[in-house]
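Two separate entries follow, structure 1 and structure 2, each one form of the same protein chain as structure tokens.
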Structure 1
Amino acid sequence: MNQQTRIACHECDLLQQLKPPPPGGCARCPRCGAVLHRSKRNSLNRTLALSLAGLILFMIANAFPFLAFEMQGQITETRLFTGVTDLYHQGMWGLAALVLFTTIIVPAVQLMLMLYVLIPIKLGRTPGHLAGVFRLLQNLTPWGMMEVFMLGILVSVVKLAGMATIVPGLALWAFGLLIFVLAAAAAALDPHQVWEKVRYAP
């Protein structure tokens, strides 16, 4: 931020002028002490790098086998999309749609929107419809529930371990890393820097 911004405290609702804090610093409400804005060092570059890494991990997680089950000499491989199709064929269409949306569609759209916003900014440009796209990105983020899906996979693996030999696939490791990469990207991003681009967009 290059200029003062008028902002209301999210805790006590005090309306005040917010001065841009130094890199790594934070601005606090003078009345209640709540953090109004925390300036993150090299935020956009770190978020862009993590988003690109996340895109690669996402493609690996969907392209390679997720788990392999060996039972009585027969090997069965599963992929990330297999769980969705199995739920659908069992008649649980609603649950299949929910798993598809929260573990595949949302992360994919989240990564695409993040790159759509950050790459032009990195190149010194302002992407079209930036305000709407970034607002959609922020609204979608809570719907990503990859960690819940992973927890369910781990519980299933523990239960099946006594019945079959389970071999983790490359996609499982990529999916696990993707969870941490997306969390790191969300933590690294300073939304104020993006909204400043909206504010001064032509």
Structure 2
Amino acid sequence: MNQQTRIACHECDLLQQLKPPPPGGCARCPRCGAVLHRSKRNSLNRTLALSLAGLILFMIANAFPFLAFEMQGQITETRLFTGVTDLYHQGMWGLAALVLFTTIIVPAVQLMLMLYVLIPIKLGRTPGHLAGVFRLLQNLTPWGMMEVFMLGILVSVVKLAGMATIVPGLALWAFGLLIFVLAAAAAALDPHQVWEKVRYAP
């Protein structure tokens, strides 16, 4: 790893040498305190493994019902996607699109792009277009809101608990695990290591 990279802080524009972070800690900008680089052991392998696990959990979470609602003998089951279609059928296409984008499209695209970038790097092949793909992947980050959706599920369960019987489905467990795996993958990723591996012509 290149030990002496000169960078401009992304939050205050101070020019500085990017120092390697202490083990388990992070390097901060001396002027504004922005985190410039966090120490991560075995970053790319761990991110790759967690992203693979995440993709499998994501498919399970989408394939099966995550909650069932029982009232006077009648049962409705809900998958992630039925919320989107129900909103759409009520004429709320804007809301449907927002929920579809933030809870299904962005997480799915992010997981797939992560594998698309990391697998070639593991195989030692780094074509230049990987950089553009990785940039897109990072720009999507503010729009993936799985953990907020999980909180939404918990709130809904508590709200409905007094009104009817709520039965958790298989997807709910996959979903809970997925939140942890996604958080772990985000924490394991060291973007500097990806950028350093990408070839480019200065």
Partner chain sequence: MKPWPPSAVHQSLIGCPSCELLCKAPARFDGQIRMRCPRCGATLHTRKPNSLARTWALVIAAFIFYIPANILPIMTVTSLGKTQSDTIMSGVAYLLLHGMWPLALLIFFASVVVPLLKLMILIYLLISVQLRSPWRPRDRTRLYRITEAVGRWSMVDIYVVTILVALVHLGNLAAIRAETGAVFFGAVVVITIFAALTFDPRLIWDSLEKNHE
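Note that the structure is a prediction, hence the values are computed from the model and not measured. Under this definition, the rigid core comprises the largest set of C-alpha atoms superposing within 1.5 Å between the forms. Here, residue number means position along structure 1's sequence, counting from 1.
- It is structure 2 that shows the chain in the form predicted in complex with the partner chain.
- Within the set 56, 67, 130, 40, the hinge between the two rigid parts that rotate between the two structures is located at 40.
- Rotation of the smaller rigid part against the larger between the two structures, from C-alpha superpositions: 26 degrees.
- After superposition on the rigid core, the Cα atom of residue 34 is displaced by 6.1 Å between the two structures.
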